[in-house]
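One chain is shown next in structure tokens, namely the form predicted alone.
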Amino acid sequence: MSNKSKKIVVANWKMNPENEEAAKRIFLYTKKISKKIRKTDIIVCPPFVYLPLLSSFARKVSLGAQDVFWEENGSYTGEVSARMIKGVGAKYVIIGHSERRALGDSDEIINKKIKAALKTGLSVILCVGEKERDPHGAYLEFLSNQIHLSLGKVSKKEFSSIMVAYEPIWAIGAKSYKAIDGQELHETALFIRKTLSDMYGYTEAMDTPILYGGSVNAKNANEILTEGGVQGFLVGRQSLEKELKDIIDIAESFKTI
């Protein structure tokens, strides 16, 4: 798990780029801009097929996978196990991303994936988030249920290898200029910590990194860190562009009050 005193930037490449040459170029650029970074952990999550290639270049930049299957082996066409992921140099895995949930991953499936990843020694980036934010606060109950079901039967010891990425689905997409109001995010982060505290204890909840994902860019990154009460970002499309440098620089320059 990342040093909890540091900021964290997770670059989720999704199903990009189209070939190894481009993957190598983007990764080496990310590695280059990380050379002088001291207070920020950078985790790159490319498509599975690029993990073996990029692991040979990974030094200060850590590697993660975008998903995992819950069985160790067997007749599961197209799936990739936690042991396979760890075997090619990845240390982290994103589980429960909204795009995977949209394809059918239930909280119960996510729970099985989390337990398989933790059993193998991978650190987990658990994604949670509501589809819409209603004025009556029903979304908070939705978030609470998501967290409880996703982490069912995960022990306190295992929980130390988990960080939570809050990605409100309504804020995701190219048209979302302002990801989320800083105060709204702060209140949600506090609620997530309260939920985790009820499950694992105050100290464990406060030590757990909470990231924000949802149209993160260089224009809103500073407000998210300054007002949002989170430790870093889960960056999507911007992680493939030079704007990632600006986002990392903002995280690196942030001073904890």
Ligand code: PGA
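For every residue, the number given is its place in the sequence shown, counted from 1. All figures in this text were calculated on a predicted structure; none of them were measured in a lab.
Although it is not shown, the form predicted together with this ligand is what the next lines describe.
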Contact test in the predicted bound form: V44 vs this ligand, heavy atoms, 4.5 Å: no
This ligand contact in the predicted bound form: I172, any heavy atom under 4.5 Å: yes
Heavy atom of K24 within 4.5 Å of this ligand in the predicted bound form: no
Contact flag, R237 vs this ligand in the predicted bound form, heavy atom cut 4.5 Å: yes
Heavy atom within 4.5 Å of this ligand in the predicted bound form - the one residue of E99, D181, D107, E158 that qualifies: E99
Residue among G228, G214, P209, G64 with a heavy atom within 4.5 Å of this ligand in the predicted bound form: G214
Stretch in contact in the predicted bound form with this ligand, which is absent here, among 50-58, 64-72, 228-236, 29-37 (heavy atoms within 4.5 Å): 228-236
Residues in 8-35 close to this ligand in the predicted bound form, defined by a heavy atom within 4.5 Å, in order: N12, K14
